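This document opens with one chain alone, in structure tokens, the form predicted alone.
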């Protein structure tokens, strides 16, 4: 793989809208900026590019000299971070073809813009081939030009379902229906928070509505997928059962409908990727959607000096908010690197505009989160053989026995007693379900414990030993 620099002024983890915006601003003074991303091409999830697509650059980043000071390395995954005096050391691993390639980068300022992953909830049959996250379906289409299935049922909650639907039909696929568990009319309760950003987003909403109408795709609100079945002689998806549900997403008897499909996408919001930030012991808070987010100040600074965060790591809010937060983080990174004699304050007019824009977008994101909540009490009422942890094949019955018979009170205790969350994904897929099955409300402390992974991605022990001998 391409040889990385061992040191830099600013290291940005993540090459999406937040990361590249931060890198561009951080390079303003000629600083040595390095960007790391696990994907093959820059762009992140929203701006994911195929091999034939033009490269992604955030809007307004037109200074070629700045980009010349930015070194971007794709196909590297950050698995650990720690402090070494005034430096932050980030440890990296190559992609799946180069897992034995380990590297460490020391940086004066670290910007973490690692985005989020689709939040999943366990339902009967979700482990079948053909069931995937909505973001996974988008990745297949945008990155590889591959449809997730011939006929897809898009399920979950939130506006992202419409984006997934649009991606599928524009790529030539068929969507049987969009199944929205909440009632979008809840948006009316938060109309004040939606403005003025809601007016700017109305064009996107109309575009999605037109796509649904043009392709005659049913949009069922207040409905949830309750079972996913395979054919008798095949484990793959063959059909899905959908019920009308109450406000807590409990199925209403007699309302079942069956859709014959070969693919089901699930999307119940997003979970921020906080591995590196939790390793550095950054302060965290619970965001409006119930998930964990890193705590930042007005300039995107975390509680750890010279560590900044931007994008979904600070609370899921969409690509526009991520780009604004990235710009603020990059400007602050540049400011931190100036010596006392050079430390002039950033342009107040520019910063005021960015702060105002960020405020509008955060209020809009909070209104969406409150309008499309994700209750979890219904999960415990499903059949006992429902698979909670797909990696370790832990059933709902096993988790409930750990809670009710063995006295497990939090996700960590359930993990230790059942192995739920100890598999390949390290709890990224099942943690929200497990937390919802725990007695009492979910706390920040328990969420931090679940998100704190000493090693962010699997690394071969032989590679670690070899690096130690070098």
Partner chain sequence: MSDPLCTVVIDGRPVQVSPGMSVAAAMMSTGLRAWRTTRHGQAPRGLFCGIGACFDCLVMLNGEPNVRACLVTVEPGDAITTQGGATND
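Predicted model only: the values in this text are computed from it and were never measured. Numbering follows the first chain given and starts at 1.
Keep in mind that the form predicted together with its partner chain is not shown, yet the notes after this line are about it.
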Tell me which of 314-322, 382-390, 217-225, 174-182 has residues with heavy atoms within 4.5 angstroms of its partner chain in the predicted complex? 382-390
Although its partner chain is absent from this view, report whether residue 234 comes within 4.5 Å of it in the predicted complex, heavy atoms only. yes
Contact between residue 429 and its partner chain in the predicted complex at 4.5 Å, heavy atoms? yes
Residue-level contact is defined here as any heavy atom of the residue lying within 4.5 Å of its partner chain in the predicted complex; does residue 290 satisfy this criterion? no
Proximity of residue 86 to its partner chain in the predicted complex, heavy atoms at 4.5 Å: no
Among 242, 116, 296, 331, which has any heavy atom within 4.5 Å of its partner chain in the predicted complex? 116
So which of 263, 396, 307, 368 gets a non-hydrogen atom within 4.5 Å of its partner chain in the predicted complex? 263
Taking heavy atoms and a 4.5 Å limit, what residues of 424-460 are near its partner chain in the predicted complex? 424, 425, 428, 429, 457, 458
